[in-house]
Every structure is written in structure tokens, then in C-alpha cells.
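Consider the single chain below, provided in C-alpha cells and representing the form predicted alone.
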Amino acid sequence: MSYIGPKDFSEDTNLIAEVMRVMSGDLNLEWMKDCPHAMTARPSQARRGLTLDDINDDPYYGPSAIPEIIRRHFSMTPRGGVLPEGLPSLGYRLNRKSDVWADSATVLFEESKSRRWAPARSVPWDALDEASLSSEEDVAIRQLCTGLTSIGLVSTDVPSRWVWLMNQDFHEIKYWMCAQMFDATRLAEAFRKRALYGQGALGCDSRELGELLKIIMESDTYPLASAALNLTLFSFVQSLGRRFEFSSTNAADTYLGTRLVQDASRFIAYGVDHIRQLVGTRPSQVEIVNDHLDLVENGLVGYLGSRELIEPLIVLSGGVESVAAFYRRAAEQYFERCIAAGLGERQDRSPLPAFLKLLDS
């Protein structure tokens, strides 16, 4: 049911009387006297302009003022604004700072805007007309693009499931999550266009990829969803971008691969920083996150072994050994990031090493 306000404002005689007094020139300007704190905000570096970190420099408005648990502010008021009595609660459920926070989010948000690109015009699509691809290689690339399109679309869904539940005091994280949604949408757009360019077609969906994405999307909490999406999935998406670029024979695919790596790197940076700050504040979360990643990595093994992914990679690489080496390097980087995030060594509990050993046998 839609929310119904506490009164009929069009019939509120007190409100109407106040409006009539104001319109007759009787201004009390009380709101001018309520400004509790003024600050000086200037760009610290002119070429970057006025950044979020510039306006967070004052402790009153900056994130250092946010307590670990927010208990008194559930309205729409921006952090640092005056809170009059009677503000409605918007029902936020994510009110613990360590559940969402990463100091790097402000920089990542600014970077996502400064490095924006537009698939329609930024990608040199004409280069595909001269690409020297065999028919098998052409279909293999379109198959990879089909999977990347699915990943991009679901990667918009995951932040959107949580951002509206997040307290307004965490606005930097909300900004960043909206930027993530736009970045993921752009990846879905770009790789769908790549699959269909020219005499193109989308490839076959993968049941295993669907299972992996469902595990991530239905994570029980935001920290678990963040670890699964940003740390695990995008570690491999970034590696796939490097592989896409490595296999490229034309400027269009090279551009797409480099941009996939660039955009995926921001997801990873937030994921590592977020989980590191989470477990640094609440060490009991280490095992909870690791338990969830056990499930996510099981889904990842399914995707890495699916014919819809591994076979096009083999076609483009010319052999199984090259793909096995690619998977091995991607897993090594992922495990290093888990350590950087404070989760410790995961190799002994992860199903990935056994899967990689199977490929080598």
C-alpha cells in the first residue's frame, strides 16, 4: 500500500494561514538562523574541480562524524543538515557504518565520472568490418559477449537491491552504488552491441552462470552481496577483460577489453576496501564472509567449467593449456585480494584449486 501522509495539507488551516502571512510580506526567516555550522569548501586541486573529499574536509560534514551505529536519523535529511521535529522515517535498514563503508568510495565515484565512455560513439565499431576473424572465432566472441551482457545486467540489480535501504548519512556509498549501476549498465550495453554488430547474433545462455549470479543476487546481507559481487565476481570479470583484450585482433575489441578492465577495477577496489574495513571493525564477520564465499566460489567453478564459457575461450586461445593458465592466474590474483581484504588464505577451503588441478591433469 502506498504511504499516506499524516494530514490533508490542502485542508490544513494552520498551513494556509502561514502561507497567507508570508504572501502578505510577513517573513520570519527562522530557517536562516538555524544554520548550525558554516565551512569553507574549495577545490584542493583546480584541475579536478570540487570533489567529495573537498567538501568532506570539515569534520561536521565529513564521514568522520558518522557513528558506527546510527540511532537517531532515519529521515531524508542530508548529513549535517538541521533535523526539525516530526520528520518521517524512511525506514532505512542499513544503519551500521561498517556494513557499507569504504574510504575509497569518494575517489571511485569521482573516477567513474571522469573516465566515462559511451559505447555508441567511443568504441571504433568500424574496425570490426576489417577484423580478420574466422567464423568460429567470430561466434566465440559473440558467445563471450552474451555472458558479459548477463553479468552487466545482474550487476545493476545487486546494488539496486540494497541502495534504497541505506541510511542517508552514507550518501557517498549511495552515490558510488548508483555509479556502479551505471557502469554495469554500460558494460551490458557495450557487449550486447558487440554481440549483435554486423551480421551478429546473441549466443547461448549458461545455466551455470545463472546459478552463480543467483547466489550473488540473493545474498542475505549487503556485506555478503558486496563481497560476492565486487570481490569475487569482478575479480574474474576483470581477468576476462584482460583476456578479451589479449585475444583481440582489432581496435574495437581492444577498446572493449581495456574498458572492461578499467571499470571492473573500481568494483574490486571498493570490494577489497569495504570488506577490509568491515572485518577490521568487526572481526567476527571474517568467518561469516568466508562461509558465503565458499558458496559463491562453488558457483564460480560451475561458470568457469561451463561449455558456454570455456569452449569459446579455447577457440580464441588455440588450446586448453592457455585457458588453464588464464584461470590459474585469475585465481591467484583473486586469492591475493581476499588476503588484502582481511579474509586470510582461502585456498584450503575454496573449490577453485581442485578445479584448476583438474584442468592441469
Partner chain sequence: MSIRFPSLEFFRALQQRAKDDADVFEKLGVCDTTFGIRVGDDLYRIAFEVYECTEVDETNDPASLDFVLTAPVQLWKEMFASVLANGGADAAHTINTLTHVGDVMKVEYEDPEGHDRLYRFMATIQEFLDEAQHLDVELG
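Positions refer to the first chain, counted from 1. Given the structure is predicted, the values throughout are model-derived calculations rather than measurements.
Below: the form predicted in complex with the partner chain, not depicted.
- The partner is not drawn, yet in the predicted complex one stretch among 279 to 287, 179 to 187, 216 to 224, 114 to 122 has residues with heavy atoms inside 4.5 Å of the partner chain: 114 to 122.
- For the options L94, L144, V261, A102, the residue carrying a heavy atom within 4.5 angstroms of the partner chain in the predicted complex is V261.
- When you look in the predicted complex, the only residue of A65, L295, A325, L52 with a non-hydrogen atom within 4.5 Å of the partner chain is A325.
- The partner chain is not drawn, but in the predicted complex it has no heavy atom within 4.5 Å of S75.
- Proximity of R243 to the partner chain in the predicted complex: non-hydrogen atoms within 4.5 Å are present.
- Proximity of E336 to the partner chain in the predicted complex falls within the 4.5 Å heavy atom cutoff.
- Taking the partner from elsewhere, A269 is found to have a heavy atom lying within 4.5 Å of the partner chain in the predicted complex.
- For the marked spot (R48, L108 and T249), a heavy atom within 4.5 Å of the partner chain in the predicted complex is present in each of the three residues.
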